[in-house]
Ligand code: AMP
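In the form predicted on its own, a lone chain appears below as structure tokens.
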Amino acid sequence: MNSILNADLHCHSVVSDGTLTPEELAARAAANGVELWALTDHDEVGGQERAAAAAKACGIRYVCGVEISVTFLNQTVHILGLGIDPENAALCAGLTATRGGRTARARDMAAELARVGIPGVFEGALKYVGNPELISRSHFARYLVEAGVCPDTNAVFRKYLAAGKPGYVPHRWATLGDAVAWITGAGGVAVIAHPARYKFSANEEFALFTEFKGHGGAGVEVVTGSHTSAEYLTYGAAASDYGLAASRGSDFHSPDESHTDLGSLPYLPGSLTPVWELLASRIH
């Protein structure tokens, strides 16, 4: 396999904060020409068996995945694990621990929103939650749109759920070293997800990439739904500079919310090593 491959190695189902089932995602990926697919739910591998079976039924190659929430320099960073064994005991225990604080955080977020005159958000958000352990800001945003507080979920995040806004509550996630160790221990390849989103300074980004590589991280998402064409070039260069493989994924969550559909991104630049070259033995 080379870089000219319609691989989509980053998306979310109802098992975390997406709105489609693993089966619906597989069908959508196949319809959009995806040749290699991964479901990467947040801190959860409960959809992997269903996703793999659905991919097989749809005739597309599949690699098991997860997206782990990490706290690094007081920011939340996401690390993709591709080609993992979803039944690995240490990985599953780590993900359980990482999920553990979400409900308490959600109740604190609801309390903050109630203080600014928006009551009942925790209960309202629950109707959008497929997995009670994984209530998230996305579920809050969907309820606030339904309640008429904002016209769309992007507006909710800008006004209420981003850092410094009334409903934002930080959470301490896994450490970078733990997340990479869980992924590699489960036979997978660790990949920094959507690096442009973190808005780190140059020194902070250097620290992220060098520490990640030092722990055994092997890839970076270069072409992804939230990156601009200029950022494809920036992080393509970073992949080369740090000796990392390049990944490609839409980060698709919902037909109604996501700007980038499954399988719709441009191909990886041909000069880069595609992450799927490291995954050959793990593709089903």
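Throughout, we count residues from 1 along the sequence that is shown. The shown structure was predicted, so the numbers you read here are calculated from the model rather than taken from an experiment.
One more form of this protein, predicted in complex with the named molecule, exists but is not displayed; see below.
Considering the named molecule in the predicted complex, which of 136, 88, 131, 98 comes within 4.5 Å of it through any heavy atom? Contact residue from the list: 136.
Report yes if any heavy atom of residue 28 sits within 4.5 Å of a heavy atom of the named molecule in the predicted complex; otherwise report no. Although the named molecule is absent here, residue 28 would stay clear of it in the predicted complex, with no heavy atoms inside 4.5 Å.
Verify the contact flag for residue 154: yes if a non-hydrogen atom of it lies within 4.5 Å of a non-hydrogen atom of the named molecule in the predicted complex, no if not. Residue 154 belongs to the contact set for the named molecule.
Might residue 227 be said to contact the named molecule in the predicted complex, defining contact as any heavy atom within 4.5 Å? It does not: once the named molecule is placed as it appears in the predicted complex, residue 227 has no heavy atom within 4.5 Å of it.
Residue 105 within 4.5 Å of the named molecule in the predicted complex, heavy atoms: Residue 105: yes, in contact with the named molecule in the predicted complex.
Check all three, 37, 61 and 282, heavy atom within 4.5 Å of the named molecule in the predicted complex: No, because 37, 61 and 282 lack any heavy atom that approaches the named molecule to within 4.5 Å in the predicted complex.
Picking from 202-210, 89-97, 118-126, 137-145, which part of the chain touches the named molecule in the predicted complex when contact means heavy atoms within 4.5 Å? Partner-contacting stretch among the options: 137-145.
Relative to the named molecule in the predicted complex, which residues of 49-86 have a heavy atom no more than 4.5 Å away? Contacts from 49-86: just 78.
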